[in-house]
Ligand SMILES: C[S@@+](CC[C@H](N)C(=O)[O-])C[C@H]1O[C@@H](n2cnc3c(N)ncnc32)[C@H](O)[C@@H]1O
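Below you will find one chain, with nothing else, as structure tokens; this is the form predicted on its own, and questions on how it binds or moves follow later.
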Amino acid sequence: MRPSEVLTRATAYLERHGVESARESAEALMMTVLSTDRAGLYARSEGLSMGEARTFGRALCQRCAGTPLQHLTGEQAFRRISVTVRPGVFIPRPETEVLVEVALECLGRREEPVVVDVGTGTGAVALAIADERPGSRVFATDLSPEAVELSTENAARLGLSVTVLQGDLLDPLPPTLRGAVDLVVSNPPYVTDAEYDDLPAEVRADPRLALVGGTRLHERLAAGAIRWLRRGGALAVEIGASQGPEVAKVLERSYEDVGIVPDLARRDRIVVGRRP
């Protein structure tokens, strides 16, 4: 059976189990199993071997059971790069690409800016900034040893210069950066305890530590970042869709030019402010 025929059956199977974007998921899983790209997938005339068919079937079952697609393919595209992902580290979401866009706007034309990505996870935000803003000095922090290890691996694989440090928020930064940082950027855990139980199984496959926090970390980050930012430096944080006004008020205590930026779905997604 040609791969295209297998894909048609696999798509129907995923759809029956309520998997979103079933065709795209089936293609991604088969490309992973066959170690090929989409063009190679549809150009292939020979059928799957017995081993490939078994591996593909297991992957389909795992996807139907709620295993994130990225955990099965081992990667996630993010802006111009692709990062390795694995269980135990938060998977970057497409909406977070807006955070990078805001970060780049905040940096403007400043030469060799110093950027800190707090709670870096896979390193996606820090690495995207390093990729799109050559010459930046980019630091990334995370409390999770697994995240620090993975983001360091991603930086090495992509050939991008990001210094990854383990610790809480901004605590791991070298003291020489105090008052010299141009931008602090973060996608902190902002799901509330009440919201967590209603999340889809594949979202709850991410570490709870990387998901649940409400606006507590936004407050801590706003209070801490002001001591590291230079005058005119910016803080940009991702938020839940209903948290814009609350987080904006938090920033307005110490920052100026505070604004809320929507994502492509027109939901509040980023709050940004500058140190006076």
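When you see a residue number, it is the position in the sequence shown, counting from 1. Just so we're clear, the structure is a prediction, and the values are computed from it rather than from any experiment.
Another form exists, predicted in complex with this ligand; not displayed. Remarks below refer to it.
Using a 4.5 angstroms threshold between heavy atoms, residue 217 counts as touching this ligand in the predicted complex. Put simply, residue 209 is close to this ligand in the predicted complex: some heavy atom of it is within 4.5 Å. Although the partner is absent here, residue 195 lies well away from this ligand in the predicted complex, with no heavy atom inside 4.5 Å. With a 4.5 Å cutoff on heavy atoms, residue 167 counts as touching this ligand in the predicted complex.
Of the listed positions (72, 143, 158, 98), a single one reaches within 4.5 angstroms of this ligand by any non-hydrogen atom in the predicted complex, namely 143. Picking from 106-114, 173-181, 90-98, 128-136 the stretch near this ligand in the predicted complex, with a 4.5 Å limit on heavy atoms, gives 90-98. Along 182-197, residues 187, 188, 189 each place a heavy atom within 4.5 Å of this ligand in the predicted complex.
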